[in-house]
Structures are given as structure tokens and as C-alpha cells.
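Quick heads-up: it's one chain on its own, the form predicted on its own, in C-alpha cells.
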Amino acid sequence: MSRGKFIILEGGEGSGKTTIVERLKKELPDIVYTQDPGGTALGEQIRDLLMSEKTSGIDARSELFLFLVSRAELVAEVIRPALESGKNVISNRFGLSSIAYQIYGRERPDLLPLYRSVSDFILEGTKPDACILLDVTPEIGIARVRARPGEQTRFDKETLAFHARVREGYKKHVGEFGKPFVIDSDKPLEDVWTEVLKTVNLVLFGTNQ
């Protein structure tokens, strides 16, 4: 049995990732969908903790390790078994987000070697085939976040300077997570959706139809 394909969907706040993933679930229901952090019982508990004000002011190293713990469980419980059984996987965020947020956003370039070392250990060769980056201008992304209903996460509430650094990290390292596809997410959602669907079909099935 051939290994499944692994795609990660990345992007800053307000880039439209979650909406796009929900549409993909309806369009391509046979794919295994997950999110990082999250996707497992432990991962969802860590996600709730990380997104809440309970971890406001947490040390950057502790924050990074919590994301890595959740990712280790996600790979072991969900991603690797699915890929090995021949199923395709799409994850809403993955390792690129850690580089963008915890290293660039937090201005901790000294943590990059540590991140790489621990990631190599926990992933054990489980790497994405492609990374679709929804590239959004921070001003546009945060304006969208603040206009939508529901409570904002502590990452939503970070400064524009923080989100600008996050975007820099995304764009500099997108090529490290499989074949990169960068989509302008400042555009209307329907345009972004069309491009994402074509890209996913191209990666998974060799066609952009």
C-alpha cells in the first residue's frame, strides 16, 4: 500500500484557513483532517490552554514545548497511522507555525536550533509533501478577526508588529515543509478558495480540476 499525501495549510490570523478547511471537508470528505495544536485528546487540552489568557505571559520556551508536545501526540496518534494506511491528511497548521509564531513572533531566533532538534526527534521522518501558505497582510487579517463574532484568542490580540514578524517567518521558511504554494489571502475568500482547491487537487491527484 502506498503512503498517503500530507498537506499543511498555514497562514496568519484572519487568513481564512479554518473556513477553507471546512469547505475542503465537504468537497473532499475522504481526507483525514486535523489541526495543530489539537487533533487528539491531549492535544485539544493543550490547545485550550494555549489559546486562553491562562498562558498569557508564558515563557517563550514553555510555549514552544507545549506546541511540540501536542504535535508529537498528533503525529503518533493521527497523522503517521493515516499516512501509513494510504490515507491523505490535511492539517490546519503544523511546524511552520511554530517557527513563525514562537521564534519570529516572540523574537527568539536562539530557539530555532532547539526547535529543529526536537522536531526531528518527534516527527521521525513524518514530513509534509506540500505547504499551502495563505499569505495575509497583518492589517487586513487582524481587521477580519476583530470583525467576526466570538472571543479572540490571545494570539489574535497580539500587536501588529508581532503579526508582521509572524508573516516574515512564514515567508522565509515556507520552503522547508514540502513543496511550497503561496496564495494571496488578501483577496476575496472565493478567489482564495478556488486557488486552494486547485492546489490540493494538484498535490493529491495530479490535476487542478
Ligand code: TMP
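Source: prediction; values computed, not measured. A residue's number is simply how far along the shown sequence it sits, counting from 1.
There is also a form predicted together with thymidine-5'-phosphate (TMP); it is not shown, and the following applies to it.
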property	result
Every residue of D36, R47 and Y101 near thymidine-5'-phosphate (TMP) in the predicted bound form, heavy atom within 4.5 Å	yes
Residue (of R80, K87, R93, R108) lying close to thymidine-5'-phosphate (TMP) in the predicted bound form, criterion heavy atoms within 4.5 Å	R93
Selected contact from V145, I31, V174, M51, since only one has a non-hydrogen atom within 4.5 angstroms of thymidine-5'-phosphate (TMP) in the predicted bound form	M51
Segment that reaches thymidine-5'-phosphate (TMP) in the predicted bound form - one of 52 to 60, 176 to 184, 65 to 73, 23 to 31, heavy atoms within 4.5 Å	65 to 73
thymidine-5'-phosphate (TMP) contact in the predicted bound form: E13, any heavy atom under 4.5 Å	yes
Residues in 155 to 170 with any heavy atom within 4.5 Å of thymidine-5'-phosphate (TMP) in the predicted bound form	F155
